[in-house]
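First, one chain by itself: the form predicted alone, in structure tokens.
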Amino acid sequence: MSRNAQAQFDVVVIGAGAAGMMCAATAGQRGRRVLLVDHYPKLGEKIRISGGGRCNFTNLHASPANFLSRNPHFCRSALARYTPRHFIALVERHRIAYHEKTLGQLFCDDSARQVIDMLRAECDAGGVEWRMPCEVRGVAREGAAFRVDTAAGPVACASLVVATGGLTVPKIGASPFGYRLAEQFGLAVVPPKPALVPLSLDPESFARYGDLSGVSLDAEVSCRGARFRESLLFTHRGLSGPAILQASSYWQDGPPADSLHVNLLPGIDACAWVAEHRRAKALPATLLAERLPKRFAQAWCEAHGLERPMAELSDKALDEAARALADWPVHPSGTLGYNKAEVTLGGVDTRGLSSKTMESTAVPGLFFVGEVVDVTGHLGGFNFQWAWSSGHAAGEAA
């Protein structure tokens, strides 16, 4: 083939992550001639590092309520047509052992590598061709087709699927490529930001809790009406843990910045708890240490001026303590950024896409799937389910 000759494909998928491989496999097994292109040398690296190396590949309870988007109904169609049960059936067909950890989260018993190998095998079953590592240097519309200029030469296709992910973990290849390509073709992009990410606290306001790094507690954290009861973890820079990561997707840095509201006694009536102990001769920190980590209870009580026995505190001080236990306001100063984030919030505006096929409504043949789209799941396997569902939807249509 001459240097300027174009290889012909029915479908070119840019991005060999979870959504890209699912899309390529689905299209290939429909009989489409598919090329999968990725600039990063390691296949499925984000899958490999997920879930502590065991890949939280879906959640039994996935529903539209578990996703954020400017159009919260957009994800309904794809999720309904390719459900967690469909992906579980695929996992079982490949004889991958798995287990439910908590709250419907499913993990491989052995290694996330098994999921990568499964997706590679599914692509091979569909005759998918690969260019990897291979940079995409440009994309242009040529009549009803697309020309994709790659480091290995140009290719032409009728359908182009963009599965390039978001901005999280740039050290494993994340880039804004997908957003720029969307804008090139006139699609709007919801400004991206880190999500499912630890939050930093101002050093001055955090001084009382700065030596609690590594301490965790069960708490209910709320932000903008969303509530999550899971572990909260203190770090040397602020707060993390599942409850904080979940809330971070809703937190906005303003101005003015949102506050988080932390219930330190979830499932317990704080007013009733204080009333029960109001005549006690013990210090509040001693009593709270029965339900909270001792070091945190001590620091929290010192910060709230609760350093005398319960029986010696005024009714006003006890009432304020009850309110603070049920609603402790925390004021983050920022996030720890894309290097520490699980996913990217925002992305290609869903108002320009078909919810059934992921195809651009203005540019026929152009599809966007996975994290590059403005659909972001909660923590716990939901973002992988979106990758499978959106990738499958496009693979059925491309």
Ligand SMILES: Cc1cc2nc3c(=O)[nH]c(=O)nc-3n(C[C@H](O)[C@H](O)[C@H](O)COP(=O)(O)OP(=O)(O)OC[C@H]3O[C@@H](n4cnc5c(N)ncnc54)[C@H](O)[C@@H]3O)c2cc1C
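Please read all numbers here as calculations on a predicted model, not as lab measurements. Position 1 is the first residue in the sequence shown; the rest follow in order.
Below, we turn to the form predicted in complex with the ligand, even though it does not appear here.
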Legend entry - Complete contact of P84, E122 and G395 with the ligand in the model of the complex (any heavy atom, 4.5 Å): no
Inset, instruction - Mind telling me which stretch in 96 to 104, 173 to 181, 245 to 253, 301 to 309 gets its heavy atoms within 4.5 Å of the ligand in the model of the complex? - result: 173 to 181
Inset, instruction - Check each of S50, N66, T26, S360 and return the one that places a heavy atom within 4.5 angstroms of the ligand in the model of the complex. - result: S50
Inset, instruction - Please run the contact check for E342 against the ligand in the model of the complex: heavy atoms, 4.5 angstroms, yes or no? - result: yes
Inset, instruction - Tell me, yes or no, whether T350 is in contact with the ligand in the model of the complex, where a contact means a heavy atom of each within 4.5 Å. - result: no
Legend entry - Proximity of V189 to the ligand in the model of the complex, heavy atoms at 4.5 Å: no
Legend entry - Residue contact check: V169 to the ligand in the model of the complex, 4.5 Å heavy atom: yes
Legend entry - Sequence-ordered list of residues in 52 to 72 near the ligand in the model of the complex, where near means a heavy atom within 4.5 Å: C55, N56
